[in-house]
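Just one chain follows, in the form predicted alone, and it is written as structure tokens.
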Amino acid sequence: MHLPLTLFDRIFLVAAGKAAPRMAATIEQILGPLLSGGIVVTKRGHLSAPFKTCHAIEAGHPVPDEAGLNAAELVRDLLRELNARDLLIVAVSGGASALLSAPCRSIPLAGKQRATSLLLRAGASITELNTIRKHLSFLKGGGLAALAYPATVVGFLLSDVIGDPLDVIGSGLTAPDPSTFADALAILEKYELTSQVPAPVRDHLTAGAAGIIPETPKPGSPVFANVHNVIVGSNEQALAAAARKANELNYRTLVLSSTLYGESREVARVHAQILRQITRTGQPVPRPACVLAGGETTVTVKGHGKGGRNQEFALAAAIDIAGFDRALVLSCGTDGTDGPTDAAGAIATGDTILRAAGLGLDPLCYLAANDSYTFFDRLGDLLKTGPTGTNVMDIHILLAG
């Protein structure tokens, strides 16, 4: 893709997501005075420095809040100003779906918050969650591109979604939406949430499925004629970089997959068995071994504890590698935050369970309560990085010395 900047009278920027500040700062530095203005929306605590040209906002994640609603209105106001001689750069990273909260007018913010919370607790995948988000919003599911038309739109997408589907990253702000209102209703039924979501949410989706409310813009729509989307970062690239570093440290390295999904504790147990096999037999890779995997698991929350999918992964793995010498599991979110906590993830070793017993901690009880944060906090084994400035899903590292 090559677009001479001389084709445009003005250049604007909309950046949304956990990596939005770093992406926006880079774009602002490259364009300098050519940038006419912009809006940067990120998670609370992720802003580190002021911008010269852009207006920056911190908002709620993963449950949307009033600040995200106000940010979405500012973005809509900016889009209304655009014409065919304008270029809009859209920098999207994980978290954009929640941070740019733009519920349709028939849905109060509280309704969207409740629906989001129910889906998260039920263990819905990011694709399922974003299918519903796209059909409750005027920006998602290609809505932003539709409002920007006829301006030229370039989307720089930092993927936090398995397989890097353009319509799911950030709920597809600049991409055609193949999903439907009927798909959204089916997801509610799958998780038995149809009667639990607020009536305005259910009524809106039902009206859309009946054809009373227009569908999101679909592939082939003319609003995407001037849209160009580029994947600039992904989990696969992060794993490749980690593998290179492990090789430098003289580990024998194996990348399993960048497309992991499923219940976190169950996926963790499979990884623990791989690590046990390596320590016993040197298969599928001899020691010293580094096995890498990535993706995005989910947690079906049944307890009332504190944690995230990576901390739960580490706790489940710790139980299964108990007693194995020189075995380590690290599970972390690349954005630096795992669930609603200040930790990126946690570290488990072969002696984690023994050390926990010395403190009177029962790992099975903590796992049942979804309280992995408290468990690892007591042990001092939480990984706390702070905001990393990126977001390409999760990384799991298995080491056998």
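This is a predicted model, so every value here is computed, not measured. Numbering starts at 1 and follows the sequence shown. Under this definition, the rigid core comprises the largest set of C-alpha atoms superposing within 1.5 Å between the forms.
What comes next is about the form predicted together with a further copy of the same chain, which does not appear here.
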item: Candidate from Val154, Val255, Ile231, Ala209 lying within 4.5 Å of a further copy of the same chain in the model of the complex - any heavy atom; value: Val255
item: Sole residue of Asp203, Asp183, Glu263, Glu215 within 4.5 Å of a further copy of the same chain in the model of the complex, by heavy atom; value: Glu263
item: Per-stretch contact check against a further copy of the same chain in the model of the complex, the hit in 219-227, 104-112, 276-284, 130-138 (non-hydrogen atom, 4.5 angstroms); value: 276-284
item: Pro198, heavy atom within 4.5 angstroms of a further copy of the same chain in the model of the complex; value: no
item: 4.5 Å heavy atom contact, Val301 to a further copy of the same chain in the model of the complex; value: no
item: Contact flag, Glu236 vs a further copy of the same chain in the model of the complex, heavy atom cut 4.5 Å; value: yes
item: Contact flag, Thr259 vs a further copy of the same chain in the model of the complex, heavy atom cut 4.5 Å; value: yes
item: Core-aligned CA displacement of Ser257 at least 2 Å between the shown form and the other one; value: no
item: Rigid core fit then Ser125 CA moved by 2 Å or more between the shown form and the other one; value: yes
